[in-house]
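Starting off, we have a lone chain in the form predicted alone, written out as structure tokens.
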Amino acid sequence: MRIVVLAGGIGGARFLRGLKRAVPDADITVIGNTGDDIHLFGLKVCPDLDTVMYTLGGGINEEQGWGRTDETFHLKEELAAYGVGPEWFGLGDRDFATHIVRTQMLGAGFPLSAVTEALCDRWEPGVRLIPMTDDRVETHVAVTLPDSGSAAGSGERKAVHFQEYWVRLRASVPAEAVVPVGAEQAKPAPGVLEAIAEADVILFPPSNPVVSVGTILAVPGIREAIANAGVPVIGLSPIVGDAPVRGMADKVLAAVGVESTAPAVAEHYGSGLLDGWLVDTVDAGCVERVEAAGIRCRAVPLMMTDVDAAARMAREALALAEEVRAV
């Protein structure tokens, strides 16, 4: 079985770990989000690609879901002592090594897809990990930063990098717009469209529908290829009980005019893209609404409490794919 998964960071990586357990013999291609990428300390940092690579390769910090295990921060502390920032983005010493190698290879002329493949040679994630594009795409968020003593909604309106919005600001101010800068000019990385065309099933894991899966779909050609693939496209809701399972997806959903509910996210993707949608059992009451939108829907447990739970979710997604295929 050939499976294509569009993945963001923590949610996508943990789902992939369950998928590998559920179907150990499957040929899995992961199209990774690069809209979260950022240049820090002169280095190219790819948070979502690295989270997938570290998680599947056994090097992730399990407690926080990102970064390396057994990490130290001496380099970051020394940079701070020199007054070099930003201090709000946590890069550990082991993690720095990955970004140094990546930046050196990019500087030598290798595209990001080739660099990612080389990095995966060390980690052996057991999947083929491809960035959505080799071109530079960075998600920015329009916000209004309140002046000291000003009323809410007044102050300086500016665009900040998504990482600054998510990590430094902790999504504490409303997101007024979300823009994947460079996406319209980008091209799918080598192998992306081919993997979609050859897939038996395409999965949207419980990743952020705006800044993870949504950014991948913003690269011209990818959404169209999925819609025309002629195979089941199944998504798993990242919203359970009208709230994100983790993170602050509700903040960016509001920016694109989508309510933070499982059926609203399914409708946001649309029946022209999705064939099936899994919601959590607490949202079983919305199944009829989703199916009225032309998307087959089932309610199953969607909390990835451990790898076994993630594997059960993956099996449910594949079972729904077979149900769709049989119609």
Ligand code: GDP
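When you see a residue number, it is the position in the sequence shown, counting from 1. From a predicted model like this one, the values you see are computed outputs, not experimental measurements.
As for the form predicted in complex with this ligand, it is not shown, yet the points below apply to it.
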Practice problem: Counting non-hydrogen atoms within 4.5 angstroms of this ligand in the predicted bound form, say which of I295, I28, L302, M53 makes the cut. | Solution: L302
Quiz prompt | Candidate from A189, A175, A249, I202 lying within 4.5 Å of this ligand in the predicted bound form - any heavy atom | solution = A249
Self-check item: Proximity of V240 to this ligand in the predicted bound form, heavy atoms at 4.5 Å
Solution: yes
Exercise. Would you please decide whether V245 lies within 4.5 angstroms of this ligand in the predicted bound form, comparing each non-hydrogen atom pair?
Key: yes
Quiz prompt | 4.5 Å heavy atom contact, G9 and this ligand in the predicted bound form | solution = yes
Quiz item: Does D37 reach this ligand in the predicted bound form, with heavy atoms at most 4.5 Å apart?
Solution: no
Quiz item: Which of these stretches, 178 to 186, 205 to 213, 127 to 135, 218 to 226, has heavy atoms within 4.5 Å of this ligand in the predicted bound form?
Solution: 205 to 213
Quiz item: Taking heavy atoms and a 4.5 Å limit, what residues of 270 to 299 are near this ligand in the predicted bound form?
Solution: none
